[in-house]
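Laid out below as structure tokens are two forms of one and the same protein chain, each shown alone and named structure 1 and structure 2.
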Structure 1
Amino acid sequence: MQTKISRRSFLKGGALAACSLAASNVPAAAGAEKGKQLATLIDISKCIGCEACVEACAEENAEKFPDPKKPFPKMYPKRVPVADWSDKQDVTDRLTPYNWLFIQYATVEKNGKQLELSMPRRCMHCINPPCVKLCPWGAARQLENGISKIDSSICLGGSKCKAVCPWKIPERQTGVGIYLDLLPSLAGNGVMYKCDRCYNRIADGEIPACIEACPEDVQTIGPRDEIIKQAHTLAKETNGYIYGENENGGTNTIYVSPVPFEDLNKSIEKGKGKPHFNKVKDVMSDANNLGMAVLIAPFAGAAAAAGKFYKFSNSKQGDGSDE
């Protein structure tokens, strides 16, 4: 059964066929198979930088965007930064609480020729997302289909998710969220926002808005193992390069580029709200290796004490002494 869906195939055959596809294939692509994570393949060579995906994202997610109350509560101490994007909602050249997807541009050289490339950037939706796993209150969560999302109703805006994200994706808006009802001056600072890969559309059997709106079929969505196979086939056919398969232990966003990602990374504008294409080690792995020791520790402690008791009992029997 074909489960990978792109915009062209989604629309192919007219509305009836599309509806039929939506009713049959998309739920499978959306992770109807339990435990299977969904991934997207982004073919950078196809992207023309038209920003149709950016517009579709903003339109689709407008209801999820923050509506902050002003003036903001005075926060202590004074060093606590106010992050206010409410007057800059039309910014589209970086990630903001109102712009969860943007187009990054690169000029690179391939075979002696200048190549202009563009690519959509957003949350990578890691297989083991540190933003979800290290959120101190459980406000960030990972859905069964691999989507990581932040629950804006309980996020306190502490920005830890951004600090631990290898790509620094989540963005904060002050003056919104549950912290206003708790200790607004002393704890919390708003809500963190990022791409939730249109989880609600996927739950309804639709594909994410950015994928549907793309006129060039840059993105494809499907079960991760199939997307990985497709990425390798594409990379082999085009002598391309893959990013996202192993970064941070593996992500659910797989880029295929006609040039090495080191070259892309040198060319793109990086900084606040503009993620890199660096190689990323699994940031959770060191602690998780120690986590195995946490699980073994009670048995090791009990065994050590029991071993000592056994040795002590034997020696007591041997010399006939009492404790």
Structure 2
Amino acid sequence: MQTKISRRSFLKGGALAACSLAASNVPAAAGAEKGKQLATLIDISKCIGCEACVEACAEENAEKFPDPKKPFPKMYPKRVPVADWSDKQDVTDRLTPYNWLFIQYATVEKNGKQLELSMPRRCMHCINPPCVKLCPWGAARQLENGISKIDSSICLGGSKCKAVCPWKIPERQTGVGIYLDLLPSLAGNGVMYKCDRCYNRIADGEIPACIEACPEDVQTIGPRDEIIKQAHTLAKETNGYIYGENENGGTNTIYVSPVPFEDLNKSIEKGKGKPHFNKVKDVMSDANNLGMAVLIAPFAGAAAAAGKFYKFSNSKQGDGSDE
């Protein structure tokens, strides 16, 4: 752990210098442009795997991380397993409720030579996110700028978002959330967490912490149509390959790689908390999912409203308000 801290301190000066450059990539009103989804271009060839972005993400979002109550309620039935990362908050080699961004590594061959590559992995922020459209409680939503986020105050931790995500991105923490007040032994057993792309910083006209901290200018953020153009220009200049433009109907996280993503996918370590680079069909184009989304929408809206009202009422009681 000490090695990472000292390494980041060494790189921080360069990151601050790069910050002003990166900031110029974001339109002044990017967070408020109606109808304009923001996308991020990640140039894999530039990433050096320093993990400055990982540490910056953890520092920026620490106040959003779960603070579970123990002991955990026993679940009935036992089909919903306990997911407890509260004693493993220093894990950075995969996605967890306390680590929304990690670096994935690959060793591939190009032109007969071994090539070491590293790449930041987090939520893909889909254009038409199944996690949002199929959440039965209305806890996941998509902002106008394309950012998908989970409202931890009303999430029941049922993991539907993870089940329908092609990359299985969201992660659950037990012992936190509204289920403790409503159905502690029967509900979803926690809250789901994932990258929200520093939506609060973007709303204030700033860039995400991971982009600001990067000393190599790996990421660029801007309107999706402009980012797609940049991705194609970069891919053409470097004989590179693009991922995210069409996967799952299109995402707002666009990667450009110097090698085919099929090769990257064979090399990276995949599994729980470690997403793949497979080709992905459009989940929401499936007739069953479309029908389910239509059925869920009104119920999810009502559930979200009820959840927010419940939390509001409790907070009023907690501060002694009497209306």
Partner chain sequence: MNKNSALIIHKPYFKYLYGVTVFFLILTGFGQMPIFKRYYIADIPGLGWLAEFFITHYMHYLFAVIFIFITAYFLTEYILRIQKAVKITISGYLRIAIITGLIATGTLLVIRNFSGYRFPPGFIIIMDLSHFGLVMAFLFSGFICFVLKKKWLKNRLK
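Whichever C-alpha set is largest while still superposing within 1.5 Å between the two forms counts as the rigid core. Quick caveat, the model's predicted, so the values are computed rather than measured. Numbering runs along the sequence of structure 1, starting at 1.
Looking at both structures, it is structure 1 that matches the form predicted in complex with its partner chain.
The two forms, fitted on the rigid core, differ between the two structures by 2 Å or more at the CA of residue 288. Core-superposed comparison between the two structures: the C-alpha position of residue 297 differs by no less than 2 Å.
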